[in-house]
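Okay, here we've got a single chain as structure tokens, the form predicted alone, with questions on binding and movement later.
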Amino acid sequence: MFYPFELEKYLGDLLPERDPLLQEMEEQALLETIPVVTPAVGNFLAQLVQVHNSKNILEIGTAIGYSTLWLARAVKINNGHITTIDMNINRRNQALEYFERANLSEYITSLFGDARKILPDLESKFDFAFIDAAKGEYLEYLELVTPLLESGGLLVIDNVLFRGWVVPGSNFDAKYNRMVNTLREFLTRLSQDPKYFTSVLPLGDGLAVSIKIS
């Protein structure tokens, strides 16, 4: 968490109470140590979808479908659809059950496999992409997602601040050196990419929000 847990909890408390299904998913993620977005980030994603009037969403990293449901509920309002990709079969199966219980299955296409192999074969264009998967693969995802994103589309990427350790001078265990350096390189690449107009927000574990420029 880039900022104190107490602040994250406070931001969550300011949100309207989540429905029982989302609360159950939050508890399940905590129980199984499954990385999912915070409620504040989920709420922000849904808000972005509605403000941007997104209709065709790509998500890389389904996990148990927590962020997917936030996105799907928002895109449903826009009569849109979300395509989500994950390579963990057990978590994907959990997600499919949650989608069914949320009565949102018709708005979600779930693809199983390595996103790096699936993305080159996708023929659809997307106006919103959310990446929350293996951090060490973010540079590859950026290269693969960019051709699929329409001009004016939003690209949102989670965990880019990685507990704040990407900030120069941060102290962390040496085993995280490669991950931190990869994310630093990724943020530099994205922020300097002329195809994108980017802001990095200290929300949750850090969000990069980019608009693809024509």
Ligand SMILES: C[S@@+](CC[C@H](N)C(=O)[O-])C[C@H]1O[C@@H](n2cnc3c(N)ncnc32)[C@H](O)[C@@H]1O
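One-based numbering along the sequence shown. It should be emphasised that the depicted structure is a prediction, and the values quoted were computed from it without experimental measurement.
Another form exists, predicted in complex with this ligand; not displayed. Remarks below refer to it.
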### Query
Among 74, 95, 142, 85, which has at least one heavy atom within 4.5 Å of this ligand in the model of the complex?
85
### Position in contact with this ligand when the complex is considered in the model of the complex, options 149, 161, 37, 156, heavy atoms within 4.5 Å
37
### Query
Quick one: is residue 133 in contact with this ligand in the model of the complex, heavy atoms, 4.5 Å cut-off?
yes
### Message
I'd like to check something about residue 115: if you look in the model of the complex, is any of its heavy atoms closer than or equal to 4.5 Å to a heavy atom of this ligand?
### Response
yes
### Query
Contact between residue 81 and this ligand in the model of the complex at 4.5 Å, heavy atoms?
no
### Message
With the partner left out here, check for me: in the model of the complex, does some heavy atom of residue 91 sit within 4.5 Å of this ligand?
### Response
yes
### Summary
Counting only non-hydrogen atoms, the one stretch of 165 to 173, 178 to 186, 50 to 58, 28 to 36 within 4.5 angstroms of this ligand in the model of the complex is 28 to 36
